[in-house]
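In the form predicted alone, a lone chain appears below as C-alpha cells.
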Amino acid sequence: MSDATEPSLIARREGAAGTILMNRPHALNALDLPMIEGIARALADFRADPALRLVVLEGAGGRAFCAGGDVRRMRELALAGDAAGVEAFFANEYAMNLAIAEFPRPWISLIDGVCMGGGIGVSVHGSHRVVTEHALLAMPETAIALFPDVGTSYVLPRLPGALGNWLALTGARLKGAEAVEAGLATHFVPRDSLPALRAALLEGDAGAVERFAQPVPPGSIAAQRPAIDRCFGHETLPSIRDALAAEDSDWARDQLAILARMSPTSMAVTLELLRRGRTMSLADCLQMELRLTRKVTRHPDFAEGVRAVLVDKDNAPRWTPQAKIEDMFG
C-alpha cells in the first residue's frame, strides 16, 4: 500500500519487461498531469530499449486500476478561466493514448478493480487488457457532461452491434467477464493468478496471458444484446427513447431512467461523436476529441455535472441544454 508521500507513478525496468505502476490509491489512481507526463516519458524510454520485450501496466492499492482522469481539477481550471491548463491536460493525455496504440511491443494492462475514463484510455489501445473478477469497466462521462474520450470515439463504434452507443450513453458498468464478452477487455484471469502471471511477464513471455486466461462463456451481455441493438442502434436520442419505451421491459425502463439523469447536451454530443468516429482513424478521433474538449469544458453543464457527481455529490445536476449541437463541433 502506497501513500501520498510516494511517487504517483513508478516506471522501471524489471527483467525483460518495463513496468508502470499508477500509484495514487487514495485517489483510486486517477490520472493527473504529472502521471500522464510520466507515462509518456516511460513510453519513450521503453521504446528506445531494444532488449525490452513488453510492458506491464498496473494500479496500486487493490481497489482500482485507474478510476479516470482528474476531472475535479479540470473543473477548477475551467471555472478559473484557465483554458491553457485544461488544454495541456487533455492534449498530453491524448498524445499518450496514441503513443500506447503505436507502441511496437505488447502493452499488457492488469486490470483489477475500477477502470473508468482515463483508465480505459491507458489500457484499451494496448495489445492485452487482462481483467479479474474484481474489475469494473465503464465510460461514465455523460453523467458529468463530458463525453467518452481518450480515443473511445474510435473504440466504441467498433464494438459489436450497438454496444458502443449503450455503454457511451448510459455509462453502464461491466464486470470483468462482461468486459471480455463486450470486447473492451481481451482476457479474464482470476485475481489469485495475477502474481504468477506477472512473474511470467517479467521474463518477457507475453504468451503467458493466454496460458493463464480462463474462458468467458456467453453471459449477461449476450442475453441483453438483442434489446441493446434494437434500442440503442438508432442515430438520435428521441429514436432511442422511443425504442426503449416500445420495448416495455424492466431493463428498458431502467435505461430510460438512467438517460433521464444524464446531461442532454452530453448525450447528443456523444451520439454524434461516435457516428463520426466510426469512419475515422484513432489519431483523427483523438484530434476531434481534443477540439471538442475546448467547447464542452466551457459549457456550464461540465462544471455542474462534476459538482453534482464528484464535488457536492448530491447527484442533482441542473442542466443547461445546448440548442445546437453542431456548434460544439465547430
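Predicted model only: the values in this text are computed from it and were never measured. Just count from 1 along the sequence shown to find any residue number.
Below: the form predicted in complex with a small molecule, not depicted.
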Checked Met116, Leu244, Met74, Val209 for heavy atoms within 4.5 Å of the small molecule in the predicted bound form; positive is Met116
Among Leu156, Ile144, Ala185, Ile108, which has any heavy atom within 4.5 Å of the small molecule in the predicted bound form?
-> Ile144
Interface membership of Leu292, the small molecule in the predicted bound form, 4.5 Å heavy atom rule | no
How about Gly59: is it within 4.5 Å of the small molecule in the predicted bound form, going by heavy atoms?
-> no
May I ask you to state whether Ala27 is within 4.5 Å of the small molecule in the predicted bound form, using heavy atom distances?
-> yes
Can you check whether Gly151 is within 4.5 Å of the small molecule in the predicted bound form, heavy atom basis?
-> no
Could you tell me which of 79 to 87, 159 to 167, 134 to 142, 248 to 256 sits within 4.5 Å of the small molecule in the predicted bound form, going by non-hydrogen atoms?
-> 134 to 142
